[in-house]
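Presented below, as structure tokens, is a lone chain in the form predicted alone.
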């Protein structure tokens, strides 16, 4: 059985005056994913997020978030969804802890549980040491960390982050990305909108690329890489010692192997499926030392440019 769908849109459309900013969007995000929503400025990412949250209404189509209709059930959606916009805002005369206390109270979290959660999230985002400092004294990066804590304190089923690492130094970026990667294991599905493709590649299990309000493509990075850059096929690199023509012929005989290229001690095997287990077995049974084997990984920058230009 497949995982439950947390976000699903069908022909979702939004127009402002005569401009269509989201155009017949069909999007599906499964529970437990870290999903990257990509696209240039003006692609419709933020408007899509606002419709998921019930903060703006579509002119056509439907949307379900955690099984709910954000247009008709916005309060129920907000109880299950956390959102951090690109520019976060807090009561600057209050401390970080007091701001989170307020959020906990709004979400009817009991005092004892709120204390525990607030301490936990402040530690998790790396600002526990300034928990009792007024937010007006925070740098932009510290406010960004507090924004993530604000999302996590209510333990949402879905967390949506718009440019979550903006204003952070490299150490802070790594810390936040590590935290986001752990969220599915804590029961929170993640949607991350970002311009920083290397960050998306590091943490996201799947992506969707928007261009001019349309969803150009959606899928895992590996799947999209194979489709866009490798003709839908797998490329498996093997290193052994002095491979012989007989070994090459034996590998070619494996079903679904399409081509074997040799270069010194390296073999590049092109296949229609992931045949690493079958290939390694053949190499070892042929009395060759299998030094290493790896499957081609695809760069998100290349995938993005390929699909964006097509979109």
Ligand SMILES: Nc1ncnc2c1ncn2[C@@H]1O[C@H](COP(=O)(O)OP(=O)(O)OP(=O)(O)O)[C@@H](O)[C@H]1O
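Keep in mind that this is a model prediction, so the values were computed, not measured. Numbering follows the first chain given and starts at 1.
Only in words, not in the display: the form predicted together with the named molecule, which the text now covers.
Partner contacts here mean any heavy atom within 4.5 Å of the named molecule in the model of the complex, and among 62 to 70, 268 to 276, 241 to 249, 45 to 53 they occur only in 45 to 53. With the partner omitted here, the residue from 182, 134, 87, 195 that has a non-hydrogen atom within 4.5 angstroms of the named molecule in the model of the complex is 195.
Shown without its partner, this chain lists 163, 199, 101, 150 as candidates; in the model of the complex, only 163 has a non-hydrogen atom within 4.5 angstroms of the named molecule. In the model of the complex, no heavy atom of residue 32 sits within 4.5 Å of the named molecule. Looking at residue 263, you'd find every heavy atom of it more than 4.5 angstroms from the named molecule in the model of the complex. Proximity of residue 41 to the named molecule in the model of the complex: non-hydrogen atoms within 4.5 Å are present. Among residues of the shown chain, residue 21 is one whose heavy atoms approach the named molecule to within 4.5 Å in the model of the complex. Annotation for 270 to 294: no interface residues with the named molecule in the model of the complex [heavy atom within 4.5 Å].
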